[in-house]
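Okay, so here's just one chain, in structure tokens, the form predicted on its own.
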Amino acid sequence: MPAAFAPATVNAIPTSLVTPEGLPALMRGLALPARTWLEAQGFGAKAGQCVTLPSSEGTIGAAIVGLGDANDQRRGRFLAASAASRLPAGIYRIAEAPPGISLDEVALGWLLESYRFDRYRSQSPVKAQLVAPDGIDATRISAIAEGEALTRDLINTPACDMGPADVEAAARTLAERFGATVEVTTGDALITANFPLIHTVGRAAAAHRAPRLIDMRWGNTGPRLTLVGKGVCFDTGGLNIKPGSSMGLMKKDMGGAATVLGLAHMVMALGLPLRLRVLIPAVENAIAGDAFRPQDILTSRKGLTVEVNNTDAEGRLVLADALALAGEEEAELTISMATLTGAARVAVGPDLAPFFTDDESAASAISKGGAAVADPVWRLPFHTPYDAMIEPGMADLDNAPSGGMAGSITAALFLRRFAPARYVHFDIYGWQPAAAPARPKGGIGQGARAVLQALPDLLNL
């Protein structure tokens, strides 16, 4: 979990954020011994560079954190965050920052840098605590950091401890905290309840890892927001088994479920005036005698038939049933999040969260929201001419069209066939491949902060 903000105290260490451009002015304001000390340390205000200055009593009297130059700031995010790991133990307060630097981003980055996943191995906690800077909404920043920590924890937990039942338990814990309700349909009950695709994908798993549809609701008034998250807790690829190199990170294939639960935490913790519904089809795509097969033709909840041309394209199948359910009680906005295709990662890399929508106002709001809160997103097209690629002829739809072209787009078009009218789909990666400021290597939320920022415009809150 991320560290909380430290309580305000008169003894908090004043901390200056500085760029190379602003360093000469800062130096002129320092006494000669402090200037000499900075020069001896080779401090140049490079991004993430930190130095402390002693007080007359020999304690830490001040800290200075480098932000880098304009090019660093264009290329990076959360540039001050590494100070949380590099500064000595103490309570720090931001005393000075250059114009245009977002203190919201500084504060959030500090908390996110403090995240540690210590379930299986003890981790040294960050000892440099930050007092919430003046002018920020500390409650909002804390809620966002806690939601992101939940997402990271869920993704980082290996599949042996994060199966469908464990995703359900996480949803129930979250619901209990905020007074939400949860209904779960499990195992063969999915057939009776008409969730055939969810059952088919998950039926080969062991009994204690049975497939399920998790349905959480919160709020009694306001516009309706439905979040749908792909909860494939491990993806072997099914009978079209993945090679080992592709299976290694498949514990993160429930990253969509983890992200919508993190976003739900943010929404509920902030008490936003809306009615929230979270739908998670939680399954394990396992291999056994009753696993579904290539060339099977399945009938979905919506009645559309699907020809299975690759059992490794299972995420869109379980999402199809969940989206069909969402459409039966259509919300003002429905958003799905899924680690759906490798094609999305190839197209935009691990740092950007691509999204699809036909709603121009929603696209604009989400893009602006992402830019405002350092949560980069990128719109990809629902390119309708490609619909023919997902129509095999023998069934209504093909879950894995051949040819290898436009894989993320064709997957999104497949989901659109089942989704309500006002719909946004995120095809996220959900993993930070190399450590960066505020983002340790491992599971990570993508798109959630952009959506949260955009919600007032998306739902007229």
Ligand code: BES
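Quick note: we count residues from 1 along the sequence shown, nothing fancier. In this text, all values refer to a predicted model and were calculated from it rather than measured experimentally.
Unshown form predicted together with the named molecule; subsequent notes refer to it.
- Message: Contact with the named molecule in the model of the complex for Asp253, defined as at least one heavy atom pair within 4.5 Å: yes or no?
- Response: Asp253 belongs to the contact set for the named molecule.
- Message: Residue-level question: is Leu340 within 4.5 Å of the named molecule in the model of the complex, judged on heavy atoms?
- Response: Contact check for Leu340: yes, within 4.5 Å of the named molecule in the model of the complex.
- Message: Please determine whether Asp104 contacts the named molecule in the model of the complex, using a 4.5 Å cut-off between heavy atoms.
- Response: No, Asp104 is distant from the partner.
- Residue contact check: Tyr429 to the named molecule in the model of the complex, 4.5 Å heavy atom: Heavy-atom contact with the named molecule at 4.5 Å: present for Tyr429.
- Thinking of the named molecule in the model of the complex, which stretch from 229 to 237, 177 to 185, 96 to 104, 127 to 135 has heavy atoms inside 4.5 Å of it? Heavy-atom contact with the partner occurs in 229 to 237.
- Query: Given that the named molecule is left out here, which of Asp215, Glu391, Asp312, Asp359 has a heavy atom within 4.5 Å of it in the model of the complex?
  - Reply: Checking each option against the named molecule in the model of the complex, the one that comes within 4.5 Å is Asp312.
- Task: Answer with one of Cys50, Ala400, Ala419, Leu67: the residue that has a non-hydrogen atom within 4.5 Å of the named molecule in the model of the complex.
- Result: Result of the distance check: Ala400.
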